[in-house]
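Just the one chain here, the form predicted on its own, laid out as C-alpha cells.
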C-alpha cells in the first residue's frame, strides 16, 4: 500500500473515532497529520473539538465553499458569525451565497449587500424573513407585480400588510390561499371574515379542526361554522376528538342513525385515539349493530367491557382463544358459563369464596409464597397459580388448555388479582383475611 493511501486510511480511521466517541487522544493524533479543509470541516460539524478545528481551519488557505459550509451547517453562533465575517471581507459573493448567509445567520450585513445586487423575488423574501431590512425588501417586491404567495409573505413578514392584502384579494385567491393568510399572518380576522363571506365548503375548514398548520387559529370559529352546515358523522366525530364545541357536536351525533362505516370511524377516532368521550361513544355504538371487531375495540379501549362482552357472547361465534381473551377482560356470568360449556368444565366443583380465602391465608402466613411474575415458580405461585394448585379440576384445565383459562374459571370475580402487581395483590388479600378472620398480618 502506498504511503498516500495509508495516510488517507489513517485519517479516516481516526476521524471515525473522533466523531463516534469524541476521543481526545484520537484528536491529538489526528492534528499531527496533513489535514485538509474537508477534514477540519467534519470535526467542526460533528465533534466537541469544533473550536480547535475552527482555529486550524482559519490558518489554512480555505476556499469560499469551506466557509459557506460552516455557515450553513454548524450550530454554533460564535463560529458561524466569524465565518460570515471572513466570507464578507475576503470574497466577492454571488446572490445565492449571500442568501445562504442571510438565512443561516439572520445577517443584516449580508442582506444589505444582497439588496444591492439585484436580488430575485425569492431572495427579497429571504431578506424580509430573516433580516431587519423587511420593509425595504417588501417595497421592492411590491414594485414587481408579486404573485399570491409572494403577497402572503409580504403580509406575513413586513409592515406593508394592508397594501399587500388589497392586492392579494384583487388577484381572486382561492379559499386555500385565503386560509393560509388566516393561519400565518396578522390579518387573520380580516381574512377569516373574507373567507366566510365566500361560504366555504366544510371540507375546506378541516385544516382548522385538525390544526394541520399548528397555529391554533380560528379553530372554534371553524367548528361553529361546520356545526351550522348540517355536519356529517365524521365531521362531528372530528370535532369531538379535537375538543371543539364538544357538547353541541355530541348532541348532534347522538341524533344520527349510524351505519357500519360510521361506527368504524367513531371507534377509530374516539376509542382508539383516546377521546374523553370514548365511553359515551362506546355506549352510542352499542345502540346500533356493532361488528365483532367493534365490540372487541370497546372491550380494549373503554370501560364498557361487560356490555360488549355480553353482546359478543350473544352474537358471535367465538373461538376458544377468543373466549380466553374475553374471560380475562370480563368475567360476567354469561362469559364464564359459555367458556365452561365449551371446555366441559363443571363449575360446581369450585367454591370460589372458599378458594380465595385459602389463598389469602397461605400468603398471609408467608408472603414470600407469592410470585406475581410467574404462574408457578417452585413453591411460589401467583394468585391464579395458587388457585390452580389448590384445585384438582383447575389443574386438569391448565394442563389441557391454559393457565389463563383455568385461573379465570376458578376465581372469575378476583381475576383482576391474577395480573396485578405485588403490592395490590398483598393489600387485597390482607383485606380478605381481615374480613374473614378479624386479624391482621404483615
Partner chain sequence: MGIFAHQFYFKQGLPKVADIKKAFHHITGLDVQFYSIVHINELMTDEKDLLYHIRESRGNVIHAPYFSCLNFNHVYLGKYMHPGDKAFYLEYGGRKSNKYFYHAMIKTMLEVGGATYTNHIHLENETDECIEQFLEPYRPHTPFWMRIRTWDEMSDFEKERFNQ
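What you are looking at is a predicted structure, and each value in this text was computed from that prediction instead of being measured. Residue numbers count along the first chain shown, from 1. Here, rigid core means the biggest group of C-alpha atoms that superpose within 1.5 Å across both forms.
Below, we turn to the form predicted together with its partner chain, even though it does not appear here.
message = Is it the case that residue 403, even though its partner is missing from this view, gets within 4.5 Å of its partner chain in the predicted complex, heavy atoms only?
response = The answer is yes: residue 403 has a heavy atom within 4.5 Å of its partner chain.
ask   = Is the gap between residue 431 and its partner chain in the predicted complex 4.5 Å or less for some heavy atom pair?
value = Taking the distances in the predicted complex, the answer for residue 431 is no, it never comes within 4.5 Å of its partner chain.
ask   = Would residue 420 sit within 4.5 Å of its partner chain in the predicted complex, counting heavy atoms only?
value = Looking in the predicted complex, residue contacts with its partner chain include residue 420, since a heavy atom lies within 4.5 Å.
ask   = Does residue 20 make contact with its partner chain in the predicted complex, using a 4.5 Å heavy atom cut-off?
value = Although its partner chain is absent here, residue 20 would touch it in the predicted complex, with heavy atoms inside 4.5 Å.
ask   = So which of 372, 271, 182, 133 reaches within 4.5 angstroms of its partner chain in the predicted complex, heavy atom to heavy atom?
value = Residue within 4.5 Å of the partner: 372.
request  = Identify which of 324, 243, 352, 149 has a heavy atom within 4.5 Å of its partner chain in the predicted complex; exactly one of them does.
outcome  = Selected residue: 324.
key: Interface segment, criterion being heavy atoms within 4.5 Å of its partner chain in the predicted complex, picked from 56 to 64, 28 to 36, 41 to 49, 404 to 412   = Going by heavy atoms within 4.5 Å, the stretch is 404 to 412.
request  = Please state whether all three residues 123, 142 and 156 have a non-hydrogen atom within 4.5 angstroms of its partner chain in the predicted complex.
outcome  = Verified in the predicted complex; spot residues all out of contact, no.
Yes/no, residue 422 Cα shift of 2 Å or more between the shown form and the other one with rigid core fixed = Where the cores coincide, residue 422 still shows a C-alpha shift between the shown form and the other one that is 2 Å or more.
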